[in-house]
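A single chain, nothing else alongside it, follows as structure tokens in the form predicted on its own.
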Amino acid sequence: MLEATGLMVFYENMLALNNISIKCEKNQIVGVFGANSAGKSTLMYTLSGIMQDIRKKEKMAGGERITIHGDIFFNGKSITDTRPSRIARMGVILCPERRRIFKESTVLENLKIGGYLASRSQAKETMEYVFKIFPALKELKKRTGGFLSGGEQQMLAIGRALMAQPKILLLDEPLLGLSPLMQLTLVKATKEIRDDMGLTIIVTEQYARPVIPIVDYAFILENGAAVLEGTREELMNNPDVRAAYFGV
């Protein structure tokens, strides 16, 4: 459903992604694990088309030179040079790292902003689902985003992404800075969202242990390169991976 081959991204002379190929089939949850600066966010921005937009804006402003090589396919069609707005309309939606909600807007307003691609009936149905999967948000729908806890903000960020009617949901480090209990809540919700909505999900994390129980397939990134890949069982049975990324 979503496939990237030979992705390479340079920031000036720094190699951020090094010949990465990744594939995600329909209804799969695919994990991408790696330490800070391994290339996880760069990968997500590239898959969503946002990196192309950043490259063009940097070039126009005379700023950092960004070079992108490789190919990205969605349902067999190349989207390598497609504008991010068009990619979003096709159903590839990014929920970025560190939430990035509209902190001056209420929960309800954030969700409505996320639903700009949806029809009225879709928006109504999806909002009801968001409040079902994250019941805390229903009680807080009139509260401004800046007064939410980190976990509540992450629920809102995911809910806002769902309002955009994704076919593929890109979750960039959704567990960052959250308590173990909130992490478990969001991991459970991620699996339920996949099962209920039939989505394909790619999720990145620095620490794989909370997420590994729900992934179907995963990639390990180091210094911008995919050094290992396999099913959940294959990675869990690798003692080096277990020690480095699962904490066991």
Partner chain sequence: MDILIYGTINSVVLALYALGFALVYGISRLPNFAHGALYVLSGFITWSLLNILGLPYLPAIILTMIITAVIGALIYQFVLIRIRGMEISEIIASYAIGLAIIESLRYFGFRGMTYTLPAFVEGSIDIGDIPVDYHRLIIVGIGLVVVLLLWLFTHYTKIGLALRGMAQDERAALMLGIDSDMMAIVAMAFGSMLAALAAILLLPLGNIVVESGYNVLILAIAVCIVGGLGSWVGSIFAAFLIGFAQILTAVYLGSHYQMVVALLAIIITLIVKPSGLFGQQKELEERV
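Since this is a predicted model, take the numbers as computed values, not measurements. Numbering follows the first chain given and starts at 1.
Another form, the form predicted together with its partner chain, is not on view; read the next lines as being about it.
J.: Run the contact test on D53, F102 and I113 with a 4.5 Å heavy atom cut-off to its partner chain in the predicted bound form and return yes or no.
T.: Every listed residue reaches its partner chain in the predicted bound form, so yes.
J.: Heavy atoms within 4.5 Å of its partner chain in the predicted bound form: does G151 have any?
T.: No, G151 stays farther than 4.5 Å from its partner chain in the predicted bound form.
J.: Closest heavy atom of K57 to its partner chain in the predicted bound form, within 4.5 Å or not?
T.: Residue-level check for K57: yes, a contact with its partner chain.
J.: With the partner left out of view, is K167 within 4.5 angstroms of its partner chain in the predicted bound form by any non-hydrogen atom?
T.: No, K167 is distant from the partner.
J.: Tell me, yes or no, whether A61 is in contact with its partner chain in the predicted bound form, where a contact means a heavy atom of each within 4.5 Å.
T.: So A61 counts as contacting its partner chain.
J.: Quick one: which of 74-82, 174-182, 126-134, 103-111 gets within 4.5 Å of its partner chain in the predicted bound form, going by heavy atoms?
T.: Going by heavy atoms within 4.5 Å, the stretch is 103-111.
J.: Counting only non-hydrogen atoms and a 4.5 Å cut-off, give the residues of 19-45 close to its partner chain in the predicted bound form.
T.: Heavy-atom contacts to its partner chain in the predicted bound form: only Y45.
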